Every structure is written in structure tokens, then in C-alpha cells.
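Shown below, as C-alpha cells, is a lone chain in the form predicted alone; questions about how it binds or moves come after it.
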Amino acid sequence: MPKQLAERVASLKPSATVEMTERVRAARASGRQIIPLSSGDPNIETDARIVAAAERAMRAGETHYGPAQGLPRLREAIVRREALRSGALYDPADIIVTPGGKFALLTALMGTVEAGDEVLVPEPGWVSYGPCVRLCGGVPVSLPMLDTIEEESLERLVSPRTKALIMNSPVNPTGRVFSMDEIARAVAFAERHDLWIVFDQVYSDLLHEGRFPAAQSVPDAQARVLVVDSLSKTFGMTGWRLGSLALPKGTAKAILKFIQHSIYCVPGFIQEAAIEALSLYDELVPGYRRMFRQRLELASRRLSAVDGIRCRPPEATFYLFPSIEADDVEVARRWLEEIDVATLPGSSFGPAGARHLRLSLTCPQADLEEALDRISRVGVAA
């Protein structure tokens, strides 16, 4: 009889988003013409100049081990970008380059969470928050925040074992952006209870208007905020696996040991591509932002005209999170099976997301309009 696998992996639920992506891939391989409104991949073609930068770096020999913390030039570029975006000032020594935002999240938690520590996890929220907490030996505690961050909920759920609060803005799956006032109140709560804040801002570059409200820009907050970021959504670089972690001053040296003993380093040629991408930010990103905003406004109007669906465009991202007057799991199943449109049930992101659906508007425009036509025909009623 084979030995039992470790509880840390045996008890984890699979990622709902990854599983749906695989189901869509298998259905397409069998000949079905599925329209995917389920994947968080923005489906932006990586700019040719970014690809060329990686190729040049490979041909120049950037195919060996590099600095575990990341190339200094990339960390400097990340610092400059962060100062422009949130106004928060970092030293390149406080930045760690990671293979994607998910590993930045895991690194932040590995650096702050001990076995048995509790971590407040937003709900509805990204499906990997809880599992990453558990992989670190921590205990995820669901924090309902569909519409707002309620101080009463924070105070009710905090305990002597609470070690950290995960915040995500703009929010996956809803596209909501927390106001500076809401963030400041959450920071004040963390200060009262001496908690770390893991602030996931992966979608911040897809804020449609205004200045981005960030936890690290609250006065004196940087000492407890670990900032998770990624190039994946901003530049259509999901497959490149390139993210970063901005850390409180003086903590990077210790947390870097997790990188040294796990992935060691992100390939140098990928980091060179990231440097090129950040240099093209002002040219590329506003166009991507406009494209997604137009899609969100179109789809929210079309969906709101369907009986049983209420939808409004969010302030950021490419996600819609309409409420529906039906069981979300059943509607998602029926749309996939009957009209070949893949979405995700809101309850996949926690019970607070029930009776909602997450739609990712990343497919080509013609496919999106066809999907909306199909949804308009069948609606949500069984």
C-alpha cells in the first residue's frame, strides 16, 4: 500500500480557475467551439519588442543562474514604476523578483506566517489565497467583503493567533477598487493588532480612472505591508511568469532565503524582457485599459438587459461580477453545456460570491459579442 501524501497537498482543493481552463482546452480539442469568459489571461499578444528583448538576452548568454533577488536594473525599474503609481518610495534592495504574482504571494506568506497562525482572507477573493496560506502552515479565516471592508467584521474575526491580513485591490473577481479611506481604516486595524498586510495589486495598472489607492502609500504603513505585483495582466505576459514582491525595509535579506532554497532565480532573459516591457508602459498600457473598459461597458449593458441579471461595470480589471437570480453553479454549468460559453460561478471565490458569476472579457471582440447574444437568448432561468 503506498504511503499517504502530505496533508498540505492531499487536502487542498484544485484551483477552480485552472480547472475550468483545462475543461475549456479539452472541449476545444474535441471540436467544440467554446467561448471562454472564464480565464484570467488577458489574451493580449505580448508586444514584439518585449519578445525581441528576451531573444537578444538569450543570444547574449543570459541563460545561466543570475542574482536570486533579481537583476538590479529590473528592481530599479520596479521602484520607479511603484513611485509613479502609488507614490510609495522603495529602495531596490527591498524588491524581490519572483516567477509570477502567485509566487510573490507565497513568498510573502512564507516570510510572515508560522504554523497555526491565522490569516484573514478576503471573500469573494482569488482562489489561491486560502491554499497558499495553508501551504505555509497557516489557517485561512474568511473575511466577507463583497461591497466594502467592514471594521466590525475585522474586529469580530481577529484573534490572538491572527498574523496577517490579505488585501486585494483591484479585486479579483469583482473588479472593485477600495477607496483610500477604506484602505486607511484597514491599515489602522492592522496597526492596532500588530498584523502584517499582504497587499495584492496585480490588477492596479488596469485601473480605468484616477490615482491608484494603495496600502503602502498610507503614512507609516510600509513597515507592515508586503506588496504583491505582476507583469502578467498589464502586458499580456502570463506565460512569462514574472512578478515581484516589495518588502518592508530590512526584511528582504531574510525572506530571500526562501527564494534561494526554492526557485533560486527568475531566468535572466525573462527579466530583460520585463525591463523592456516597463519601458513601454506609457505607450502600451493606456490602449489595453481603453479596450477593456469599452468591453466592460458593452457587456454590462447587454447583461443588465437580461431578466434576472444585474450588472454594473467595475472601476478596474477586465472582470464582470453580475448578480443573478438563480443558482450560480447551475447557471455556469448550463451555459457551458448548452451554449458553449464558459464562465465561473461566483461561489468558486467563496460563499460570499454565491448568486454571482465571474465573466472575464478577454476573448476577441467578435467572440464576446457572440457570447452575449447566446446569453441573451437563454438567460438564467432554468
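Each residue number is its position in the shown sequence, starting from 1. From a predicted model like this one, the values you see are computed outputs, not experimental measurements.
Not pictured, yet referred to below: the form predicted in complex with glutamic acid (GLU).
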Residue within 4.5 Å of glutamic acid (GLU) in the predicted complex by heavy atom, from M145, C136, V97, V127, is V127
Residue contact check: G350 to glutamic acid (GLU) in the predicted complex, 4.5 Å heavy atom
no
Although the partner isn't part of this model, could you tell me whether Q271 comes within 4.5 Å of glutamic acid (GLU) in the predicted complex, counting any heavy atom of the residue?
no
Would F321 show up as a contact with glutamic acid (GLU) in the predicted complex if we use heavy atoms at 4.5 Å?
no
Is G70 close enough to touch glutamic acid (GLU) in the predicted complex, meaning at least one heavy atom pair within 4.5 Å?
no
Looking at glutamic acid (GLU) in the predicted complex, is some heavy atom of each of T17, G40 and Y203 within 4.5 Å of it?
yes
Only one of 75-83, 174-182, 288-296, 119-127 has residues with a heavy atom within 4.5 Å of glutamic acid (GLU) in the predicted complex, and that stretch is 119-127
Output the sequence-ordered list of residues from 204-239 with at least one heavy atom within 4.5 Å of glutamic acid (GLU) in the predicted complex.
K233
